[in-house]
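This document opens with one chain alone, in C-alpha coordinates, the form predicted on its own.
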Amino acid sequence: MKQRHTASSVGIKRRENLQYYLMAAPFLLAFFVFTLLPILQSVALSFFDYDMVSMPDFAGLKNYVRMFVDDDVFGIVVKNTIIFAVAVGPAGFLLSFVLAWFINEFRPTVRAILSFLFYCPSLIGNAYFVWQVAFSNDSYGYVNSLLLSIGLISEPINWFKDAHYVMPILIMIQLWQSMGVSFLANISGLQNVNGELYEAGAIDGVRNRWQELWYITLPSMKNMLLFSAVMSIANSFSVSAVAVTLAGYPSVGHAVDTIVSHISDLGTVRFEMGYASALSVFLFLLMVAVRWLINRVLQQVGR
(Lines give C-alpha, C1' and ligand atoms only; values in the text may rest on other atoms or scores of the structure.)
Protein backbone atom coordinates (compact mmCIF):
# COMPACT_ATOMS: atom_id res chain seq x y z
CA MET A 1 0.00 0.00 0.00
CA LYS A 2 2.82 2.39 0.88
CA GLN A 3 4.57 1.80 -2.47
CA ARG A 4 1.28 2.30 -4.35
CA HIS A 5 0.65 5.57 -2.47
CA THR A 6 4.20 6.78 -3.21
CA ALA A 7 3.85 5.97 -6.94
CA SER A 8 0.49 7.76 -7.04
CA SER A 9 1.99 10.85 -5.37
CA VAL A 10 4.86 10.91 -7.86
CA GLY A 11 2.41 10.66 -10.76
CA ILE A 12 0.29 13.52 -9.42
CA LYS A 13 3.37 15.67 -8.90
CA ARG A 14 4.54 14.99 -12.47
CA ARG A 15 1.15 15.99 -13.86
CA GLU A 16 1.20 19.18 -11.78
CA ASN A 17 4.70 20.02 -13.01
CA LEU A 18 3.74 19.36 -16.64
CA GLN A 19 1.93 22.70 -16.90
CA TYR A 20 5.07 24.50 -15.75
CA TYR A 21 7.17 22.65 -18.31
CA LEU A 22 4.68 23.61 -21.03
CA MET A 23 4.73 27.25 -19.96
CA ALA A 24 8.54 27.30 -19.98
CA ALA A 25 8.82 25.43 -23.31
CA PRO A 26 8.51 28.50 -25.64
CA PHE A 27 11.23 30.36 -23.73
CA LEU A 28 13.49 27.30 -23.59
CA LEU A 29 13.01 26.75 -27.33
CA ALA A 30 13.83 30.40 -28.11
CA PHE A 31 16.83 30.26 -25.74
CA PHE A 32 18.15 27.16 -27.48
CA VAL A 33 17.62 28.50 -31.03
CA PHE A 34 18.75 32.09 -30.56
CA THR A 35 21.30 31.84 -27.71
CA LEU A 36 22.68 28.39 -26.99
CA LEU A 37 22.82 27.17 -30.60
CA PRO A 38 24.70 30.26 -31.89
CA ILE A 39 27.21 29.89 -29.04
CA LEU A 40 27.81 26.24 -29.93
CA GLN A 41 28.09 27.14 -33.63
CA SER A 42 30.64 29.86 -32.83
CA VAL A 43 32.73 27.44 -30.80
CA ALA A 44 32.65 24.91 -33.66
CA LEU A 45 33.38 27.48 -36.39
CA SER A 46 36.31 28.90 -34.42
CA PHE A 47 38.28 25.80 -35.46
CA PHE A 48 37.58 26.30 -39.17
CA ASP A 49 38.39 28.70 -42.00
CA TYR A 50 35.01 29.76 -43.38
CA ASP A 51 34.12 32.59 -45.77
CA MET A 52 30.35 31.85 -46.06
CA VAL A 53 30.86 30.78 -49.70
CA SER A 54 33.21 27.80 -49.66
CA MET A 55 32.83 24.77 -47.43
CA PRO A 56 34.43 25.16 -43.98
CA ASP A 57 38.06 24.04 -43.92
CA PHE A 58 39.34 22.63 -40.63
CA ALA A 59 42.11 24.86 -39.26
CA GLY A 60 42.63 23.53 -35.73
CA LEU A 61 43.99 26.21 -33.40
CA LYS A 62 45.09 28.46 -36.26
CA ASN A 63 42.49 31.14 -35.50
CA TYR A 64 43.46 31.28 -31.83
CA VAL A 65 47.16 31.48 -32.68
CA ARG A 66 46.39 34.29 -35.11
CA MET A 67 44.44 36.09 -32.40
CA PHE A 68 47.34 36.27 -29.95
CA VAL A 69 50.30 36.31 -32.36
CA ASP A 70 49.44 37.77 -35.78
CA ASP A 71 46.56 40.20 -35.20
CA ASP A 72 48.02 43.64 -34.52
CA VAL A 73 44.56 45.09 -33.82
CA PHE A 74 43.55 42.44 -31.27
CA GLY A 75 45.58 43.88 -28.39
CA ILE A 76 44.24 47.37 -29.07
CA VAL A 77 40.57 46.34 -29.17
CA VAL A 78 40.95 44.22 -26.01
CA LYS A 79 42.51 47.21 -24.22
CA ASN A 80 39.71 49.52 -25.41
CA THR A 81 37.04 46.99 -24.41
CA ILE A 82 38.50 46.66 -20.91
CA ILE A 83 38.73 50.45 -20.58
CA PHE A 84 35.04 50.73 -21.51
CA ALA A 85 34.14 47.88 -19.14
CA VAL A 86 36.07 49.35 -16.19
CA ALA A 87 35.00 52.96 -16.79
CA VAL A 88 31.37 52.33 -17.73
CA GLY A 89 30.42 49.05 -16.05
CA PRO A 90 31.20 49.61 -12.34
CA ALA A 91 30.62 53.37 -12.59
CA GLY A 92 27.24 52.87 -14.28
CA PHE A 93 26.26 50.21 -11.74
CA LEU A 94 27.23 52.33 -8.73
CA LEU A 95 25.64 55.48 -10.14
CA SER A 96 22.40 53.69 -10.96
CA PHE A 97 22.25 52.17 -7.46
CA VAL A 98 22.95 55.49 -5.70
CA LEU A 99 20.30 57.26 -7.81
CA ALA A 100 17.80 54.45 -7.15
CA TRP A 101 18.57 54.61 -3.42
CA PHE A 102 17.92 58.35 -3.31
CA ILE A 103 14.83 58.26 -5.54
CA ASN A 104 13.34 55.41 -3.50
CA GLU A 105 12.88 57.89 -0.63
CA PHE A 106 10.44 60.06 -2.62
CA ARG A 107 6.68 59.72 -2.66
CA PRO A 108 5.34 57.13 -5.16
CA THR A 109 4.20 59.72 -7.74
CA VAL A 110 7.50 61.60 -7.75
CA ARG A 111 9.40 58.31 -7.71
CA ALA A 112 7.51 57.05 -10.77
CA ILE A 113 8.20 60.26 -12.73
CA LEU A 114 11.91 60.27 -11.87
CA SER A 115 12.23 56.56 -12.67
CA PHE A 116 10.72 57.15 -16.11
CA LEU A 117 13.11 60.05 -16.77
CA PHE A 118 16.16 57.98 -15.89
CA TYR A 119 14.92 55.07 -18.00
CA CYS A 120 14.33 57.27 -21.07
CA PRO A 121 17.81 56.76 -22.60
CA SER A 122 17.10 53.02 -22.85
CA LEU A 123 13.69 53.60 -24.42
CA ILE A 124 15.04 55.84 -27.17
CA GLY A 125 17.51 53.31 -28.63
CA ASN A 126 19.70 55.42 -30.93
CA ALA A 127 19.47 58.56 -28.83
CA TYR A 128 23.20 59.13 -29.12
CA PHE A 129 22.55 61.05 -32.37
CA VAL A 130 21.90 63.99 -30.01
CA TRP A 131 25.54 63.79 -28.97
CA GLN A 132 26.56 63.71 -32.63
CA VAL A 133 24.92 67.12 -33.03
CA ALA A 134 26.34 68.41 -29.76
CA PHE A 135 29.91 67.40 -30.71
CA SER A 136 29.65 68.31 -34.39
CA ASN A 137 33.04 69.21 -35.85
CA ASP A 138 31.97 72.66 -37.09
CA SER A 139 31.10 75.88 -35.31
CA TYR A 140 27.40 74.95 -35.33
CA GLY A 141 27.99 72.10 -32.92
CA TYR A 142 26.72 73.03 -29.47
CA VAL A 143 30.00 72.32 -27.67
CA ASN A 144 32.20 74.03 -30.25
CA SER A 145 29.83 76.99 -30.39
CA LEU A 146 29.91 77.37 -26.60
CA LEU A 147 33.70 77.10 -26.36
CA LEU A 148 34.20 79.54 -29.23
CA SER A 149 31.81 82.07 -27.69
CA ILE A 150 33.64 82.13 -24.36
CA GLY A 151 37.07 82.15 -26.02
CA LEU A 152 38.40 78.81 -24.78
CA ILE A 153 39.19 77.68 -28.34
CA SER A 154 40.01 79.62 -31.50
CA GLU A 155 38.73 77.08 -34.05
CA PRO A 156 36.25 74.18 -34.01
CA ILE A 157 37.51 70.83 -32.73
CA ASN A 158 36.82 67.63 -34.66
CA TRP A 159 35.90 65.73 -31.51
CA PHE A 160 35.35 62.26 -32.97
CA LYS A 161 38.51 62.37 -35.12
CA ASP A 162 40.85 63.39 -32.31
CA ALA A 163 42.28 60.47 -30.32
CA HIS A 164 42.63 62.67 -27.22
CA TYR A 165 38.89 63.41 -26.98
CA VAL A 166 37.00 60.52 -28.57
CA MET A 167 37.44 57.95 -25.76
CA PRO A 168 36.30 60.24 -22.87
CA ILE A 169 33.32 61.44 -24.95
CA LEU A 170 32.20 57.91 -25.82
CA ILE A 171 32.61 56.78 -22.19
CA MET A 172 30.33 59.64 -21.12
CA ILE A 173 27.75 58.77 -23.79
CA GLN A 174 27.82 55.05 -22.98
CA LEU A 175 27.52 55.78 -19.26
CA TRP A 176 24.44 57.92 -19.96
CA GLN A 177 22.90 55.16 -22.09
CA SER A 178 23.65 52.35 -19.65
CA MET A 179 21.53 53.74 -16.81
CA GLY A 180 18.12 52.34 -17.81
CA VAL A 181 17.93 48.60 -17.06
CA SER A 182 20.38 48.72 -14.16
CA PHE A 183 18.48 51.62 -12.58
CA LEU A 184 15.11 49.85 -12.83
CA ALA A 185 16.57 46.63 -11.42
CA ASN A 186 18.01 48.47 -8.42
CA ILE A 187 14.88 50.46 -7.63
CA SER A 188 12.81 47.29 -7.96
CA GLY A 189 15.12 45.53 -5.50
CA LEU A 190 14.87 48.42 -3.04
CA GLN A 191 11.08 48.34 -3.25
CA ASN A 192 11.02 44.65 -2.32
CA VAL A 193 13.19 44.83 0.81
CA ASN A 194 11.12 43.70 3.80
CA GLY A 195 10.50 46.75 6.02
CA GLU A 196 10.40 44.55 9.14
CA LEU A 197 14.12 43.90 8.71
CA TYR A 198 14.86 47.54 9.48
CA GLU A 199 12.87 47.33 12.69
CA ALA A 200 14.71 44.16 13.67
CA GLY A 201 18.01 45.82 12.77
CA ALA A 202 17.25 48.79 15.04
CA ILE A 203 16.70 46.37 17.94
CA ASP A 204 19.98 44.58 17.11
CA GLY A 205 22.02 47.80 17.14
CA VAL A 206 21.78 49.30 13.63
CA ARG A 207 21.95 53.05 14.33
CA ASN A 208 22.24 54.91 11.00
CA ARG A 209 21.39 54.72 7.29
CA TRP A 210 24.85 53.49 6.28
CA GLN A 211 24.60 50.53 8.63
CA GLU A 212 21.10 49.84 7.29
CA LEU A 213 22.48 49.92 3.76
CA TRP A 214 25.38 47.58 4.45
CA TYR A 215 23.78 45.06 6.83
CA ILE A 216 20.15 45.01 5.63
CA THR A 217 19.50 46.64 2.25
CA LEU A 218 22.41 45.22 0.22
CA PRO A 219 22.21 41.62 1.58
CA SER A 220 18.43 41.62 1.00
CA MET A 221 18.80 42.45 -2.69
CA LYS A 222 21.89 40.42 -3.58
CA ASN A 223 20.21 38.65 -6.48
CA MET A 224 18.99 41.93 -7.96
CA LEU A 225 22.41 43.49 -7.44
CA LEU A 226 24.00 40.57 -9.27
CA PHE A 227 21.57 40.96 -12.17
CA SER A 228 22.13 44.72 -12.30
CA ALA A 229 25.92 44.42 -12.14
CA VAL A 230 26.07 41.68 -14.78
CA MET A 231 23.78 43.61 -17.14
CA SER A 232 25.71 46.84 -16.66
CA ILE A 233 29.15 45.32 -17.21
CA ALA A 234 27.97 42.98 -19.99
CA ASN A 235 26.58 45.99 -21.87
CA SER A 236 29.90 47.78 -21.44
CA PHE A 237 31.72 44.77 -22.94
CA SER A 238 29.42 44.86 -25.97
CA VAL A 239 30.00 48.52 -26.87
CA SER A 240 30.08 48.82 -30.65
CA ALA A 241 27.17 50.63 -32.30
CA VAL A 242 27.73 53.96 -30.57
CA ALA A 243 31.48 53.89 -31.32
CA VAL A 244 31.04 52.93 -34.98
CA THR A 245 28.24 55.45 -35.56
CA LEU A 246 30.02 58.41 -33.98
CA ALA A 247 33.70 57.65 -34.62
CA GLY A 248 33.50 55.28 -37.60
CA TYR A 249 35.41 52.05 -38.11
CA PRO A 250 38.29 52.00 -37.89
CA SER A 251 38.34 55.00 -35.57
CA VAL A 252 41.30 57.35 -35.55
CA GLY A 253 44.28 55.32 -34.38
CA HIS A 254 41.82 52.54 -33.38
CA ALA A 255 41.21 54.74 -30.32
CA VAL A 256 37.71 53.39 -29.58
CA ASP A 257 37.53 50.18 -31.61
CA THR A 258 36.28 47.29 -29.45
CA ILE A 259 36.20 43.50 -29.70
CA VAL A 260 32.58 43.60 -30.89
CA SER A 261 33.29 46.13 -33.64
CA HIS A 262 36.34 44.08 -34.69
CA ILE A 263 34.18 40.94 -34.82
CA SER A 264 31.53 42.77 -36.85
CA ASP A 265 34.15 43.98 -39.34
CA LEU A 266 35.66 40.52 -39.74
CA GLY A 267 32.33 38.73 -40.02
CA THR A 268 30.19 41.10 -42.10
CA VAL A 269 32.80 42.94 -44.19
CA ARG A 270 35.70 40.53 -44.65
CA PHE A 271 33.61 37.35 -44.24
CA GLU A 272 36.28 35.68 -42.09
CA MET A 273 33.68 33.84 -40.04
CA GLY A 274 36.09 31.33 -38.52
CA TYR A 275 38.32 33.99 -37.03
CA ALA A 276 35.35 36.14 -36.02
CA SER A 277 33.94 33.11 -34.18
CA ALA A 278 37.24 32.62 -32.35
CA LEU A 279 37.08 36.24 -31.19
CA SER A 280 33.47 35.70 -30.09
CA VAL A 281 34.54 32.70 -27.98
CA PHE A 282 37.29 34.80 -26.39
CA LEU A 283 34.79 37.57 -25.57
CA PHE A 284 32.33 35.03 -24.14
CA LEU A 285 34.99 33.52 -21.85
CA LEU A 286 36.07 37.00 -20.77
CA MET A 287 32.49 37.88 -19.80
CA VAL A 288 32.07 34.57 -17.94
CA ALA A 289 35.21 35.34 -15.92
CA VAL A 290 33.91 38.83 -15.10
CA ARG A 291 30.54 37.40 -14.06
CA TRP A 292 32.32 34.98 -11.69
CA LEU A 293 34.36 37.84 -10.24
CA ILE A 294 31.21 39.95 -9.66
CA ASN A 295 29.55 37.05 -7.88
CA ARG A 296 32.56 36.61 -5.58
CA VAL A 297 32.59 40.32 -4.73
CA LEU A 298 28.86 40.41 -3.96
CA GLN A 299 29.21 37.40 -1.67
CA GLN A 300 31.26 39.62 0.65
CA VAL A 301 28.45 42.18 1.00
CA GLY A 302 27.02 42.32 4.51
CA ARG A 303 29.69 40.08 6.06
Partner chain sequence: MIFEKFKRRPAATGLRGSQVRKYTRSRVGNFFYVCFLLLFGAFSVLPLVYSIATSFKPLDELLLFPPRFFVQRPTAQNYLALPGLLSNLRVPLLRYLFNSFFVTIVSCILYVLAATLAAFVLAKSPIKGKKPAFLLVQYALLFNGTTLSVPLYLIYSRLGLIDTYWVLILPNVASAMGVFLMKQYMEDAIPDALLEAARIDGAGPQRVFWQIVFPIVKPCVLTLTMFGFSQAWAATGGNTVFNETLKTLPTVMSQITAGGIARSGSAMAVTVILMIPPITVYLITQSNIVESMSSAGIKE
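Since we're looking at a predicted model, the values are computed, not measured. Residue numbers count along the first chain shown, from 1.
One more form of this protein, predicted together with its partner chain, exists but is not displayed; see below.
Novice: Has each of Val33, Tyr140 and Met179 got a heavy atom lying within 4.5 angstroms of its partner chain in the predicted bound form?
Specialist: Checking in the predicted bound form: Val33, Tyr140 and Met179 are all within 4.5 Å of its partner chain.
Novice: For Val73, is any heavy atom within 4.5 Å of its partner chain in the predicted bound form, or not?
Specialist: No, no contact at 4.5 Å.
Novice: Report whether the minimum heavy atom distance between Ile263 and its partner chain in the predicted bound form is within 4.5 Å.
Specialist: Yes, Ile263 sits close enough to its partner chain in the predicted bound form that at least one of its heavy atoms falls within 4.5 Å.
Novice: Contact between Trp214 and its partner chain in the predicted bound form at 4.5 Å, heavy atoms?
Specialist: So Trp214 does not count as contacting its partner chain.
Novice: Examine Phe27 and determine whether its closest non-hydrogen atom to its partner chain in the predicted bound form is within 4.5 angstroms.
Specialist: Contact with its partner chain, yes.
Novice: Its partner chain isn't shown here, but in the predicted bound form which of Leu170, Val77, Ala185, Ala85 has a heavy atom within 4.5 Å of it?
Specialist: If I apply the 4.5 Å criterion carefully, the residue I get is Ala185.
Novice: Among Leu94, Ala202, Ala163, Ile153, which has any heavy atom within 4.5 Å of its partner chain in the predicted bound form?
Specialist: Of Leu94, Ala202, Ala163, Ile153, the residue with a heavy atom within 4.5 Å of its partner chain in the predicted bound form is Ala202.
Novice: Which residues from 70-109 come close to its partner chain in the predicted bound form, meaning a heavy atom within 4.5 Å?
Specialist: The stretch 70-109, when checked against its partner chain in the predicted bound form, contributes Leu95, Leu99, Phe102, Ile103, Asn104, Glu105, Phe106, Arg107, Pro108 at the 4.5 Å heavy-atom cut-off.
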